[in-house]
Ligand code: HEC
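Shown here is one chain on its own, the form predicted alone, set out as structure tokens.
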């Protein structure tokens, strides 16, 4: 038994040492900060557009902080991870990173000093970015004003705070490599796929994650709860009565609102208004082409007319509140802005029977919007919706949600609505940003 035990310890030691040998990554020597004028203005301008499309400022800017200086809190099931300073400050940012060090971080999730980055930084998507775009991003970031902003301490408990163990995560879930075009698809489709799968990392929000925080293989774009919102499916599994066609997707991603789907809010608002806003129309059309193909919109759009007619009928019936004890809540709070009598409904008067939020399996999005509203900056430009947190009780909002779910959809009721409303109210409006 003693020999068996010693042998077992030997095997464990070999595995342990082997893992650390395989996982070790060398540091890359510090490099002098390149002069801003060493980069061509065209390259820097391209990098600025790409940084927008990758939401770099969104995730690397704390509330009230300097752009790209880090400190933004990302809540994960394992603890809070704070984004890092990516300005060219040599002491606290990436000012002493060479382009090679930057490319390794983007493509392999390893920092200049050889430490592993947590996958809250979506290098599992950025690994697909081509070298030319990496060069442009590097040029743009190195021409930003440097900001001295030391990193905030993450709240990850042991052993999740051991960066070396991320090598094991990579062995299990990380698949490096640049985007490979699908030769059976059009150039526009491939451009959209490249942007969605790499730089814009749409799966980071719209794909569910497993117990280890990795996106679930085989469930790409299937929908997930993230940042206090429900990111709906981007596939044919999206329950909205009208499919997301290429035209609807383009309008929504370009303006923040769709006539037949609703308005960008919460985590999706900066995606539209801060990130994708920097992309040209051709790139937005390409993304719309890609996702409208994934969701099979062309074949499902044949039922659009019926869905629109049903929505208008339901809207007209809401003018008879005596038929339902909860209808007066809708009449008093919602009908003046959401009543429609003709198709298609205008985007400034979204019809709730078509709104994706009512058709989702989770009522979170609907409740958040009713509680906190949609600001002038979040949704369609110049249009806002007031919040009802101060004028409606949890019970009233729950009844309103239940009423609209049963009169505007043919889906099963949402369970435990009053408890859900109370929980979301307790988080406060800041949780919806």
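Numbering follows the first chain given and starts at 1. Not measured: the values here are computed from a predicted model.
From this point on, the text means the form predicted in complex with heme C (HEC), which you will not see here.
In the predicted bound form, residue 173 stays away from heme C (HEC), with no heavy atom inside 4.5 Å. At a distance threshold of 4.5 angstroms between non-hydrogen atoms, residue 338 is in contact with heme C (HEC) in the predicted bound form.
Not displayed here, heme C (HEC) is approached by residue 388 to within 4.5 Å at the level of heavy atoms in the predicted bound form. Proximity of residue 49 to heme C (HEC) in the predicted bound form falls outside the 4.5 Å heavy atom cutoff. For the options 271, 147, 308, 297, the one in contact with heme C (HEC) in the predicted bound form, meaning a heavy atom within 4.5 Å, is 271. Taking a 4.5 Å heavy atom cutoff to heme C (HEC) in the predicted bound form, the contact residue among 286, 136, 231, 142 is 231. Using a 4.5 Å heavy atom cutoff, none of 28, 160 and 212 lies near heme C (HEC) in the predicted bound form. Residues of 366-383 placing a heavy atom within 4.5 Å of heme C (HEC) in the predicted bound form, in sequence order: 366, 369, 370, 374, 375, 378, 379, 380, 383.
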